[in-house]
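Just one chain follows, in the form predicted alone, and it is written as structure tokens.
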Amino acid sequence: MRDKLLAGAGALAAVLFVRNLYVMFMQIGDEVDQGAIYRIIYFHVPAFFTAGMCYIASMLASAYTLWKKDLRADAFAMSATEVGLAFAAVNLLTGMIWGRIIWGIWWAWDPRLTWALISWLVYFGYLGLRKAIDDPSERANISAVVNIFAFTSVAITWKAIVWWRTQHPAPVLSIRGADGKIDPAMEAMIYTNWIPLLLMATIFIAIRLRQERALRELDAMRRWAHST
């Protein structure tokens, strides 16, 4: 049943992607100042939102791990973090491509960009820390604390373009209180394209969680064999 749900979610995500690509390129025109490259926002922003949702889910799972001492929640936190890192990488890469076309450079040490990179490195470090701790319970507890504090970097990244106005474009989405700064059709496409990305993230987390549970079962068997 679970495999059928994942397959159905994958099929739906594929259909939505095809439909969205048609609308992006055939129905929504170029942006006046930026031209065709502006369409990268339809992946850049939803990828950031998706990564943020993964980080929120991971943080909540880590809090539950500390509260209930539940190793299953710890496995979910790790899986969500890995998927979040993948989507955060998409966000960074698409931003670099946009910057190369519009700014003429691949990277600028703008506060939003810098904190997005710091956040990515912090969560990458969280995964590295996990590999350095052998005991499952100790690993879960220490990693949960680190994960909860790591989320502060996500909050700072979200507010960076409001707190520090430099090179990165100002907020244009209505949810950021910027009504009228983006065409409604363009903003609607950003949210519409977020749906298949969320579906993909859900599928990836489910697959990674299944793999992690299998690995933990093998590790438990190994520990039992060594103790006998």
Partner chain sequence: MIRFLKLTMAVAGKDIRSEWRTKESLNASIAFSIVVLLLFSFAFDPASESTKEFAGGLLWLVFMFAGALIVNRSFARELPNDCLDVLIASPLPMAALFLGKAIACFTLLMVIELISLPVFGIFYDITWWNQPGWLMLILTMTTWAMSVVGTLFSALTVNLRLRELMLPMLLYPMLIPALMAAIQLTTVVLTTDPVGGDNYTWVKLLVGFDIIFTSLSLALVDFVLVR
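Rigid core: the largest C-alpha set superposing within 1.5 Å between the two forms. Numbering follows the first chain given and starts at 1. What you see is a predicted model; the values in this text were computed from it and never measured.
There is also a form predicted in complex with the partner chain; it is not shown, and the following applies to it.
> Which of 63-71, 196-204, 47-55, 25-33 has heavy atoms within 4.5 Å of the partner chain in the model of the complex?
Going through the listed ranges, the match is 63-71.
> Verify the contact flag for residue 96: yes if a non-hydrogen atom of it lies within 4.5 Å of a non-hydrogen atom of the partner chain in the model of the complex, no if not.
No, residue 96 sits far enough from the partner chain in the model of the complex that none of its heavy atoms falls within 4.5 Å.
> Tell me, yes or no, whether residue 91 is in contact with the partner chain in the model of the complex, where a contact means a heavy atom of each within 4.5 Å.
Output for residue 91 is no: heavy atoms all beyond 4.5 Å of the partner chain.
> Taking heavy atoms only, is residue 87 within 4.5 angstroms of the partner chain in the model of the complex?
Outside the cut-off, so no.
> Verify the contact flag for residue 149: yes if a non-hydrogen atom of it lies within 4.5 Å of a non-hydrogen atom of the partner chain in the model of the complex, no if not.
Residue 149 belongs to the contact set for the partner chain.
> Any chance 4, 8 and 38 all have a heavy atom within 4.5 Å of the partner chain in the model of the complex?
No, the candidate spot makes no contact with the partner chain.
> Heavy atoms within 4.5 Å of the partner chain in the model of the complex is the criterion; list the residues of 129-149 that meet it.
Contacting residues: 129, 131, 132, 133, 134, 138, 141, 142, 145, 146, 148, 149.
> Rigid core fitted, is the C-alpha displacement of residue 109 between the shown form and the other one 2 Å or more?
Comparing forms between the shown form and the other one, the residue 109 CA shifts at least 2 Å.
> Compared with this form, is the residue 49-residue 111 Cα separation smaller or larger in the model of the complex, the difference being 3 Å or more?
Relative to the displayed form, residue 49 and residue 111 draw closer in the model of the complex - a change of at least 3 Å between their C-alphas.
> Closer or farther: how do the Cα atoms of residue 193 and residue 111 compare in the model of the complex versus the shown form, where the change is at least 3 Å?
Closer together, by at least 3 Å.
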